[in-house]
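As structure tokens, one chain now follows by itself in the form predicted on its own.
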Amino acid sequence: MTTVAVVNAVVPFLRGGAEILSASLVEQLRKRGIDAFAVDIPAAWNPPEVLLDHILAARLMRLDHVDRVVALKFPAYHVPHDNKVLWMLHQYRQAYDLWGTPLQGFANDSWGVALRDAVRRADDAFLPEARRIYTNSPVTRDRLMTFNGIPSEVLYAPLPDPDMFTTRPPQDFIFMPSRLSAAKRQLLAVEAMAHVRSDVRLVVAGPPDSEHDGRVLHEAVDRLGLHDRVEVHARWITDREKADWMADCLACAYLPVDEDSYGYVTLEAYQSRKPVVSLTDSGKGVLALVADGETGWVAEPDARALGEAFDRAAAGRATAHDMGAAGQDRARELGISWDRVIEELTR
């Protein structure tokens, strides 16, 4: 029996999209008679100097007893193996496209530049070891080619359990599920509610990346007097809770900063026949699915413009189901399925 190790880098006690994808991939491989298991490499990103330790730890790991390694993201994809395939979710973006932005994360000095260059050199040296490289979106593919000159093939990630998501008649709220962080822009959504003229409400739910990320949202609700318009659930929510909120919502908001992929949230919304509200700078992966006026609404990254998009969603109650169904059709057109994923990663 073929043995496959799915290797991922994880922050202890944090479960996000990459962790869900790793577990789902293992489960789907096992369903097809493959002996698969997860190898989670503990990782932390602060202080930035630990990145070098993580790269070294990955290079020292040996998985000689498995037939194939499927590695997902930095620095897990540095693990050496003679039969390694990458399904790259993202590189360490602070060393690439986020360099020179507020999300850079490095000190902008000689040490920061040296650390950035070390991460890039490691990718240049070790990524070509893989037999094949897949990326989770055109954005990730293009970034890898632009910065490292390495070609790859797009392989979209399906939902772990699409049957969990159903639909019910829309209620008067927009649902925003995700980790609470500056990169996901829940604060902008709360601020947008101060400009909303309709009776639509906002429900934000997810675990905060830090105490600050949760506190800043509650403070904004207080400051703007939105207690009757905005709910903030700053905690881990169960899959059942998320599916119920998604089934009942009018639309779903997904507002990341230049996201690599389309994000599970968009697929979950469309599986629930709900349209998606997003932003013009949320990334090519997101906007490949979210088309303004067709499968949802796309606004400029500004509180007032986003508030107007929320009002457009409220005005489109009668067509919300059809727009969500159109989004699901778009996902099918992109060939998003587990059968294709397993076929590619095991061939």
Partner chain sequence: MKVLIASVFAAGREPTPPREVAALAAAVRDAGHDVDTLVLPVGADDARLQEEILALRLLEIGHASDRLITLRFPACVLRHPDHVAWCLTGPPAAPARVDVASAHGRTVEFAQAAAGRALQWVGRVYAATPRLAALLTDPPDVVPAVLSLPWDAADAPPGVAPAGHLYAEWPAARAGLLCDAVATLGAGTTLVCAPPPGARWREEAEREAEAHGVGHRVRFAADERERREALAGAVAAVAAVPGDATGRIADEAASLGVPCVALDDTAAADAIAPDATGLVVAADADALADALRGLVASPTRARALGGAARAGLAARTGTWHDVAEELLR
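Keep in mind it's a predicted model, so treat the numbers as computed, not measured. Residue numbers count along the first chain shown, from 1.
The same protein also exists as the form predicted in complex with the partner chain; that form is not shown, yet it is the one meant from here on.
Proximity to the partner chain in the predicted bound form, taken as a non-hydrogen atom within 4.5 angstroms, holds for one residue of L63, I34, A288, V298, which is L63. Note on the partner interface in the predicted bound form: the residue among I20, A325, V11, L334 having a heavy atom within 4.5 angstroms of the partner chain is V11.
When the partner chain is considered in the predicted bound form, D67 lines it closely, a heavy atom lying within 4.5 Å.
Not displayed here, the partner chain is kept clear of A314 by more than 4.5 Å at the level of heavy atoms in the predicted bound form. In the predicted bound form, T346 stays away from the partner chain, with no heavy atom inside 4.5 Å. Of the heavy atoms in A57, some are within 4.5 Å of the partner chain in the predicted bound form. Only one of 306-314, 276-284, 289-297, 37-45 places residue heavy atoms within 4.5 angstroms of the partner chain in the predicted bound form, namely 37-45. Looking at the partner chain in the predicted bound form, residues E191, M193 and R235 place no heavy atom within 4.5 Å of it.
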